[in-house]
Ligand SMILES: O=C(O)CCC(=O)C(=O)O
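A lone chain, given as structure tokens: the form predicted on its own.
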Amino acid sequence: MHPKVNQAVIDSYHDIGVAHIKAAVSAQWVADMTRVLDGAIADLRAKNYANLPSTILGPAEFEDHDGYIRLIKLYWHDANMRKVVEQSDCPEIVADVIGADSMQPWIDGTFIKEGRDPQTATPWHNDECLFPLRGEHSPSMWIALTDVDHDNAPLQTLAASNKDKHRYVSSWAKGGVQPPPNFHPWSELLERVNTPGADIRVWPAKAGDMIVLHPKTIHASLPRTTQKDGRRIGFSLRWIGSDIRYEHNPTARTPPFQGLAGIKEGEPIPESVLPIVWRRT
């Protein structure tokens, strides 16, 4: 087991759907990833990435306004980002937390918040609702690249929502389709977090801390209310581990992979689509 992972961390992940690994990555790792992101953002602002070719996940998504930056699906376009992640201990740490024997990187997301508008809060959601997958090993690895104190938009979670047997019809779901019978309305997710006495946990973090979220864990972030200047940067990457199998999800608006023609229900995601970057030996 990786020295940053212990039984208490593993138990937290399974019991409440969240594992907080303090100082999971070094200050140098934080600086390297921040430099990669700042370079990509500068290029995007200069339109140098305007014609990014599609990858296995399609084109990158870039939102930049009012002190808020959202950068999605850059990983497969940016070799420097892949190098920072794949030459680190990140895959092994996540694998040890979730109990996987192999790791395939999937979808990245970076969220930078500078403003103090209430809309800097991330709304309540969970990650698996649009996944075409079944299994437990599709967590989100979230790493703080700045200190994320209580007033700097920390993550918050609904404890033990990872144990739900059902899924939800996302607010972004494809219209005009019949959800599977185990999909519950999105309104139910929102009702649960707004119920008096709901077990909401808040997760302040220091730069270099890692938070691993179970794919079912209902989570959000608080708004950024600090009066201090600076940025709140969170980098996230979803992984696919060894128990994940393909399962068609009719509510998904767009395919989350390219190159899956011919894959059958119950088959793993092929290495030809998502390479395995870490194996347990």
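The numbering used is simple: start at 1 and walk along the sequence shown. This one's a predicted model, so the numbers in the text were calculated from it and none came from an experiment.
Below, we refer to the form predicted in complex with this ligand, which is not included among the displayed structures.
Residue in contact with this ligand in the model of the complex (any heavy atom within 4.5 Å), chosen from H125, K73, H184, R82: H125. Only one of the listed residues (L158, A100, L155, L189) places a non-hydrogen atom within 4.5 angstroms of this ligand in the model of the complex, and that residue is L155. Contact annotation for K113: at least one heavy atom lies within 4.5 Å of this ligand in the model of the complex. The closest non-hydrogen atom of W106 lies beyond 4.5 Å of this ligand in the model of the complex. In the model of the complex, none of the heavy atoms of T251 sits within 4.5 Å of a heavy atom of this ligand. Although the partner is absent here, R224 is not a contact residue: none of its heavy atoms lies within 4.5 angstroms of this ligand in the model of the complex.
Checking 57-65, 22-30, 230-238, 37-45 against this ligand in the model of the complex, the stretch whose residues place heavy atoms within 4.5 Å of it is 230-238.
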